[in-house]
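Starting off, we have a lone chain in the form predicted alone, written out as structure tokens.
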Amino acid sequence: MMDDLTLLGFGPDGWAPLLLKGCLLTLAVSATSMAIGTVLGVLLAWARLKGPRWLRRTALVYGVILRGVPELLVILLLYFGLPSLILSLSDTFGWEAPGLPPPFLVGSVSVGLVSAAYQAEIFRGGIGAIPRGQFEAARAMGFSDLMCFHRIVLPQVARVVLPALGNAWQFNLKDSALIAVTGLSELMRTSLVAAGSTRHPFLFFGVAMALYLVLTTLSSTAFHYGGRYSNRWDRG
């Protein structure tokens, strides 16, 4: 028991500082990928609803592909496959050969691209929930599509889709564990290294499970109160 406490402490043999740093990296990757997914998801949803035919089809194909392949495959493709492709092109055209991209960037972009495919459906449903008469009234008042999106769509969609975005955030938080394959020392990778180094897998994987549960519980609570605040004027 004392050995376990020593391993989880802040002393010279303790892994607590590295585990906490892994938690912060997990949150950073999740927040960055969520931001990427939200921005791209809004654009994809708007393209599906308001874009020309070729743009609607492009957004549809994007969603089908990114929702249909495993997130781990996207991470591996960007981390290992993209540099290999660029290396082949650099050999062909005489460019300087690039190195592997930063794991944090690859992880955030990979999870964000997949998240965007799901968030696009969330925003598309939220935009569809707005009465059509509001769009017609906006056009009658001379609003451009951009003004309509900024002043009418976004304020209402943000309220409608917040619970679903909470679920998307939870998926991002858990999908961040897949980035361990790139060597980024987030929570999962740190737990793997600690378990292998100390030969206490049950201890460190159990701690990792507890930390993930803390993060997801706090996130759920934050989105719950955020939803109550955004709907404060709609209570019966």
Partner chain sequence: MDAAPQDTLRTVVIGTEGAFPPWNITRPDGTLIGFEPDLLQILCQRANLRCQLVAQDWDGMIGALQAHKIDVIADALQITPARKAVLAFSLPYAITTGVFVTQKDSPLARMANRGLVLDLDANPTPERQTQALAALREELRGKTLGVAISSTYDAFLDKYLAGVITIKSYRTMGERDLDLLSGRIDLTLDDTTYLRPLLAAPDAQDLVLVGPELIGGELGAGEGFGLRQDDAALAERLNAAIRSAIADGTVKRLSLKWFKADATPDLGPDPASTSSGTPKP
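Here the structure is a predicted model, which is why all the values come from computation and not from measurement. Residue numbers count along the first chain shown, from 1. In this text, the rigid core denotes the largest set of C-alpha atoms whose superposition between the two forms falls within 1.5 Å.
Although it is not shown, the form predicted together with its partner chain is what the next lines describe.
Peer 1: Give a yes or no for L87: in the predicted bound form, does one of its heavy atoms lie within 4.5 Å of a heavy atom belonging to its partner chain?
Peer 2: Answer yes; at least one heavy atom of L87 falls within 4.5 Å of its partner chain in the predicted bound form.
Peer 1: I'd like to know whether A180 contacts its partner chain in the predicted bound form, with contact meaning heavy atoms within 4.5 angstroms.
Peer 2: Although its partner chain is absent here, A180 would touch it in the predicted bound form, with heavy atoms inside 4.5 Å.
Peer 1: State yes or no: in the predicted bound form, is some non-hydrogen atom of F80 no more than 4.5 angstroms from a non-hydrogen atom of its partner chain?
Peer 2: Close contact exists here: in the predicted bound form, F80 approaches its partner chain to within 4.5 Å, heavy atoms only.
Peer 1: So, P201 and its partner chain: in the predicted bound form, are they within 4.5 Å at any heavy atom pair?
Peer 2: Answer yes; at least one heavy atom of P201 falls within 4.5 Å of its partner chain in the predicted bound form.
Peer 1: For the stretch 49 to 76, which residues lie within 4.5 Å of its partner chain in the predicted bound form by non-hydrogen atom distance?
Peer 2: Counting only heavy atoms within 4.5 Å of its partner chain in the predicted bound form, the contacting residues of 49 to 76 are L72, L76.
Peer 1: Tell me, please, whether between the shown form and the other one the C-alpha of F205 is shifted by 2 Å or more, with the rigid core used for superposition.
Peer 2: Shift at F205: 2 Å or more after core fit.
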